[in-house]
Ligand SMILES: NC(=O)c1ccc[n+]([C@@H]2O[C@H](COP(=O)([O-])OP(=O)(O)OC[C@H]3O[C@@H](n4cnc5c(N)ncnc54)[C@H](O)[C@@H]3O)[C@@H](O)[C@H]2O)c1
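Take a look at this single chain, the form predicted on its own, given in structure tokens.
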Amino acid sequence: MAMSSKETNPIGIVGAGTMGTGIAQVVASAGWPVILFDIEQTLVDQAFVNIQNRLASLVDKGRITLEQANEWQERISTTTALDDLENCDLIIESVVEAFDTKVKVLQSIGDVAPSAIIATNTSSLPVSKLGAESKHADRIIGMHFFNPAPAMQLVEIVRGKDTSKEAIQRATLLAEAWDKTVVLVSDTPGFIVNRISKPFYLESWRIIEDGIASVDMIDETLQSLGEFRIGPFLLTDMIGQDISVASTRSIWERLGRPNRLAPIKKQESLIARGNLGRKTGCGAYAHDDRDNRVPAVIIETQELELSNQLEEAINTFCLEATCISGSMLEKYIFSRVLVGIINEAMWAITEGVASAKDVDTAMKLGMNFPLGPIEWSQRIGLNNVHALLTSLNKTVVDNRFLAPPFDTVSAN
């Protein structure tokens, strides 16, 4: 595809919410004309104002010039007539995350724009099913941008069962021309990032359920020993505990309910009480409006008892996994969570979700992990990872630390 198409063919975006306007900004700033569609004039007007404000703020911060801001803005036009998208090269659907709604929208897009590639920005729905139901399966791909789209480098490109090679290639070329890093993912629950990040949250919640450590201690340990930018409890409070649980449940159900990814009763009980995180003032922490917080999940902690074998496996693992020293309890928390993430990454690669290289890239860019899980496992040594998984598996009844056959995971 000649990249000169940016002079002629606009990119269509359907859905003028946070994600849609963020993607519009990405595309316009890279030099492409954008047509932003929504069903009501008030929605597109508001979206345009939001984009103006965002660009003005970038000018204030000295990130872009006033000329750039004006140029980007001029490339974005808005419409409430879907027919205006008929000559678009690529149309990105970014409407509410509901299967039936997306099918209707994708079908309408395909009908008005017979030659466009149609991308869905779904984070959790099966692209093959969306394609089949909307009758344009060969042109439909997943293009999962992360929020906020202008700042997040990663795009997961998802190939549906019937997606044409050409659609994948053109979408990849475009995303890369917009200065995004693309990872190619097969159409499986949670794609790469949402699935492989699950143990980061789930094992942390299970440590709470086991009465081993408090919310703030787990967050602080993972930030210090793991150099994770933010701890799992604060992160789920920011995302919304309800959204976190819904995503866990969906991935767990669709993968056939593996014990590794089972939902957590303690997290679900927060939602039953309406404690959804920062948006309700309380979740894993109680938050005030000055950004102070105190743990709101109170547990009775008990003494950590480890077998010699497990203690040795943890020490060996931590020696290579981190440069920061910690107490036995801190090393236990860090190694249990990290080895859960590495194990999930190995399962995903074994199942053909993505290559090891793309898994590592996705976790570093999509979750800000300091290292990719496979990179981390090579630094630690696969035999040391295996030894820790085997020792931890003896401490649980659900067999969730079982590793995939090791010869199926290569670093490529």
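In this text, residue numbers run from 1 along the sequence as written. Just so it is clear, the model here is predicted, and its values are computed rather than measured.
The same protein also exists as the form predicted together with the named molecule; that form is not shown, yet it is the one meant from here on.
- Checking 174-182, 268-276, 247-255, 94-102 against the named molecule in the predicted complex, the stretch whose residues place heavy atoms within 4.5 Å of it is 94-102.
- Interface residue among Gln169, Asn259, Asn147, Gln223 relative to the named molecule in the predicted complex, by the heavy atom within 4.5 Å criterion: Asn147.
- Contact with the named molecule in the predicted complex, defined as a heavy atom within 4.5 Å, holds for exactly one of Ile39, Ile64, Ala56, Leu382, namely Ile39.
- Interface residue remark: Leu43 is counted as part of the site for the named molecule in the predicted complex, having a heavy atom within 4.5 Å.
- Of the heavy atoms in Asn121, some are within 4.5 Å of the named molecule in the predicted complex.
- Interface membership of Thr18, defined by any non-hydrogen atom within 4.5 Å of the named molecule in the predicted complex, is confirmed.
- Interface membership of Val14, defined by any non-hydrogen atom within 4.5 Å of the named molecule in the predicted complex, is confirmed.
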